[in-house]
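First, one chain by itself: the form predicted alone, in structure tokens.
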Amino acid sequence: MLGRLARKNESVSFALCAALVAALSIASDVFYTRANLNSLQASIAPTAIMAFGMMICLICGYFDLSIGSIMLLAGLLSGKFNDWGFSTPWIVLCVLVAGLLAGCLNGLLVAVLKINALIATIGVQYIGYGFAMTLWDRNMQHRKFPADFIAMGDGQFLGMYYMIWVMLAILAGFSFFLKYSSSGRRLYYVGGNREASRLIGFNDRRIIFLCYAVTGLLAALAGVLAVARIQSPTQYMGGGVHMTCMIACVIGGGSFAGGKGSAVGAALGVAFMSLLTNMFNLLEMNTQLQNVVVGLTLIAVIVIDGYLNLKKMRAMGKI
């Protein structure tokens, strides 16, 4: 039964989201208000953008625990560059370059130096957080961001924030890349059977390096959009987002063992997690109960993923 569910992971994720929407429609009379829908959009878009990066890492059989600190660093750098008088294009460009460099550092450590992904990305997480906190000053009076920067987070088209349209464009791009390009299919080969992928000539080091580089770039983009939305950098940005993204990706069909996953699944997983948080807020559930629910969700996801991986290894005769 679990195997059949795994093969239909996107349908399951969609069903879970639909069930939450139906429940919230009945339980709360403010779910469909413009303010709440805007809040959901602002929650889903940056997280989904980061989840796309997490998903391609998971497809390769790796993960990235540093995306939250990269997002935080990107947000605080946005404020710093704005204070220095940079225009919006330069703010965005410089922040994206910083995120790309952080992702390349992860790629260097994991793909080239063969350091365990857990240790490497936690190390980069601390480095990013340390650099971010050197930029933070509680008493700092930041300059107001220019209107075109704020529009990235607050502007709307056809009732949806620009950041949602950016997310959808990235979703379409990643979906096409993973499904139709030879480079995208190589990610699945590397994650599904690394030894076999090497034998047929795939450069797994380069592939893994590029996955981490892209993940850092997307985390920085998410940080820029989040700051544009709240119009001020904050030291709390990015807290726990790496766990949210990992849970969302596995709910959406990814696996810690690699070899499977999709951009659509990542987006649906993020939508589920955002709707779950929205339910907590609308129903005014206490924080302790929220932590219990999230913890149980994480455990369930890991147990199911572990069971499916064990079953796969037995089928392949590895155990």
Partner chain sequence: MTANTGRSLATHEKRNFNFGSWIILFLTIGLFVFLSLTRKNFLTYNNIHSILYEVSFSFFAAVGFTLLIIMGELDLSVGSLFGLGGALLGLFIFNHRLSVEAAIPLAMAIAAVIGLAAGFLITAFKLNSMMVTIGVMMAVKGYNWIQIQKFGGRQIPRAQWGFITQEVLGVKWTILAMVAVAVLFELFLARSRHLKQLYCIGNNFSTTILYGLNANLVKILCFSASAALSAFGGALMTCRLKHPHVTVGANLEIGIITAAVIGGASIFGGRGSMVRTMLGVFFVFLLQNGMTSYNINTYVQQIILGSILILAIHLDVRINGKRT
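Residue numbers count along the first chain shown, from 1. Predicted model, so just to flag it, every value in this text is computed and none were measured. The term rigid core refers to the most C-alpha atoms you can superpose between the two forms while keeping them within 1.5 Å.
Keep in mind the form predicted in complex with its partner chain is missing from the figure; the text below concerns it.
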{"item": "L113, heavy atom within 4.5 angstroms of its partner chain in the predicted bound form", "value": "yes"}
{"item": "G123: touches its partner chain in the predicted bound form, heavy atom cutoff 4.5 angstroms", "value": "yes"}
{"item": "Proximity of L296 to its partner chain in the predicted bound form, heavy atoms at 4.5 Å", "value": "yes"}
{"item": "Distance check, F145 to its partner chain in the predicted bound form, heavy atom within 4.5 Å", "value": "no"}
{"item": "Heavy atom distance at most 4.5 Å to its partner chain in the predicted bound form, all of W90, L96 and F272", "value": "no"}
{"item": "Candidate from L276, L40, L65, V264 lying within 4.5 Å of its partner chain in the predicted bound form - any heavy atom", "value": "L65"}
{"item": "Interface residue in the predicted bound form among T134, S232, N203, S181, criterion: non-hydrogen atom within 4.5 angstroms of its partner chain", "value": "T134"}
{"item": "Contact segment among 218-226, 123-131, 171-179, 154-162, judged by heavy atoms lying within 4.5 Å of its partner chain in the predicted bound form", "value": "123-131"}
{"item": "Sequence-ordered residues of 269-289 touching its partner chain in the predicted bound form, heavy atom within 4.5 Å", "value": "N286, Q288, L289"}
{"item": "Large Cα move at M285 between the shown form and the other one, threshold 2 Å, rigid core", "value": "yes"}
{"item": "Displaced residue check between the shown form and the other one: A22, CA, 2 Å or over, core reference", "value": "no"}
{"item": "Core-aligned C-alpha movement of V294 between the shown form and the other one, 2 Å or more", "value": "yes"}
